[in-house]
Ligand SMILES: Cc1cc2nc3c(=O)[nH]c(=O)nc-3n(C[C@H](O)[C@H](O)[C@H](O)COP(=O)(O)O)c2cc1C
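The chain below stands alone and is given as structure tokens, in the form predicted alone.
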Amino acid sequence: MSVLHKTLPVAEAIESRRSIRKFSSDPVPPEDLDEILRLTSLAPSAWNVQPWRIHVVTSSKLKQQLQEAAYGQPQVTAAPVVIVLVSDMEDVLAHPEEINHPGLSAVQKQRTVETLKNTFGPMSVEERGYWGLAQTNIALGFLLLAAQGLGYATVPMLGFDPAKVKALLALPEHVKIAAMVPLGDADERGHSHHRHKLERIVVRH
């Protein structure tokens, strides 16, 4: 699979990433978008449950509707692609066999399914939803760095009406939305990093 942008080393992708709100209208080539999605899908999750579901929006009409649900924020329609990353633990529990590694024995696979059911079965739908959302936020980080690593800009958004976004994407009520992420070529440089010093955030034991 060919990638049209320059691929950045991981450290450079982290250091160069900015939250961008002005985008070029140039489309993201399908092969680049597919590679970003593939890399995102490699994110780790507890028990390998992979609760994330990735909604890729390129329709101008739907982006306009999502912009309205996001209180008019212009980056939603400025970007050629908007990704809505959600978590669906009820879908995971409906298909528990999907998380089993093919290298496991039949007994190990059955044990994994039973563990999953015994762990999450007693939880409420809401509790399962928030557990899955925490796992999906790991995939969100992968998404942002995968895009940056291939030379594309992003901005993770939480400023939107979840009920309206769910209605637009025909999502079940129980689904949790991790973020709405406009993605494309940057049309601004963005602000330089302003982060805490390690001494402020790191506690060594």
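None of the values given here were measured: they were computed from a predicted structure. Numbers follow the displayed sequence, beginning with 1.
The next section is about a form of this same protein that is not shown, the form predicted together with the named molecule.
Engineer: Closest heavy atom of residue 30 to the named molecule in the predicted complex, within 4.5 Å or not?
Structural biologist: The answer is no: residue 30 has no heavy atom within 4.5 Å of the named molecule.
Engineer: Can you work out whether residue 156 and the named molecule are in contact in the predicted complex, taking contact to mean some heavy atom pair no more than 4.5 Å apart?
Structural biologist: Residue 156 belongs to the contact set for the named molecule.
Engineer: Is residue 73 close enough to touch the named molecule in the predicted complex, meaning at least one heavy atom pair within 4.5 Å?
Structural biologist: Heavy-atom contact with the named molecule at 4.5 Å: present for residue 73.
Engineer: According to a 4.5 angstroms non-hydrogen atom cut-off, is residue 196 in contact with the named molecule in the predicted complex?
Structural biologist: Residue 196: no contact with the named molecule in the predicted complex.
Engineer: Looking at 60-68, 47-55, 34-42, 157-165, which one sits within 4.5 Å of the named molecule in the predicted complex if you count heavy atoms only?
Structural biologist: Going by heavy atoms within 4.5 Å, the stretch is 157-165.
Engineer: Could you pull out the residues of 8-36 that have any heavy atom within 4.5 Å of the named molecule in the predicted complex?
Structural biologist: In sequence order, 17, 18, 19, 21 come within 4.5 Å of the partner.
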